[in-house]
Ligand code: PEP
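Shown here is one chain on its own, the form predicted on its own, set out as structure tokens.
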């Protein structure tokens, strides 16, 4: 059960004390407060943990300071919508809003290589008015002999360049808890010129200690990538691990699932799950078309498969795109064959704008159709 307090209620005030005093009659039920900074308001929720079936909802609903009371299912207690009883919240980080209505392009390499290449990418992003990017410093690889990122050594110049080109948020994978500390220290020493969204990669999708580590800190939001061979339910439960540690600023990323049924693409594209995740949870949804496709093949219509796949996710309502770009893919130390180039960047952005416009038109059409269904006389006017 979740008690949602009204916007103007003091979490330490008399109304909350009165609620907690009433709940003390049920000794087997424990309470835990959660404070969520949404895109429009600060939301205070009180979670009731234990046998809540004997607690009368109507009594709680009429107590001072209570906006509403929600009975939750066992699944996704922290991140779930619970049958539509809860709306999405979203969050703001370093001046950028993330919710189920936005769309952001996170453009850049899986693993950074040289300052010159990074600066070229940032310069092109600034010219397009984009303030978000992907830049990996820690890169897990299938072979132990492949390039695994520069690690903390590249963070000072990477963050300095991000500040120079007004990049507000960088998505960066972390592999263990110490990487969070290294990012935190490097940002602080650089004067916090940018922000970082911690990425939990598909290989760590069920690394529960890492999930707890990114969840127990609340300085950085988290981008969680679906496990390459995990069911959607298992992946959403992993996000629940993060949220249960206290960090609710999570974006869920679909990146394709591993199966030979996706051949010749690298993975089987799972972007039909965009609306499913938005329906089941309160989380913004990201798509990763690059790792889903894994190559730069073009269709007979002249459009890259990567763009066709990205369009599938955007027209289904995706809120963020994680896509591989590199100034010189032939020189890239990681995933060069699938990276788009600087010449492709504006084309990619404009193409996604077309698809996004189509999604918004579809959404408006659906709203009109629903209105006419329930108000046929007014809808006919």
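Fair warning: this is a prediction, and the values are worked out from it, not measured in the lab. Residue numbers count along the first chain shown, from 1.
Not on display, but discussed next: the form predicted together with phosphoenolpyruvate.
Within this chain, residue 152 is remote from the site of phosphoenolpyruvate in the predicted bound form, having no heavy atom within 4.5 Å.
When phosphoenolpyruvate is considered in the predicted bound form, residue 139 lines it closely, a heavy atom lying within 4.5 Å. In the predicted bound form, residue 202 approaches phosphoenolpyruvate with a heavy atom inside 4.5 Å. For residue 322, a non-hydrogen atom is located within 4.5 Å of phosphoenolpyruvate in the predicted bound form, even though that partner is not displayed. Across the options 231-239, 301-309, 209-217, 283-291, residues that bring heavy atoms within 4.5 Å of phosphoenolpyruvate in the predicted bound form belong to 283-291. For the three residues 81, 248 and 278, a heavy atom within 4.5 Å of phosphoenolpyruvate turns up in the predicted bound form in no case.
Along 159-184, a non-hydrogen atom within 4.5 Å of phosphoenolpyruvate in the predicted bound form is carried only by 173.
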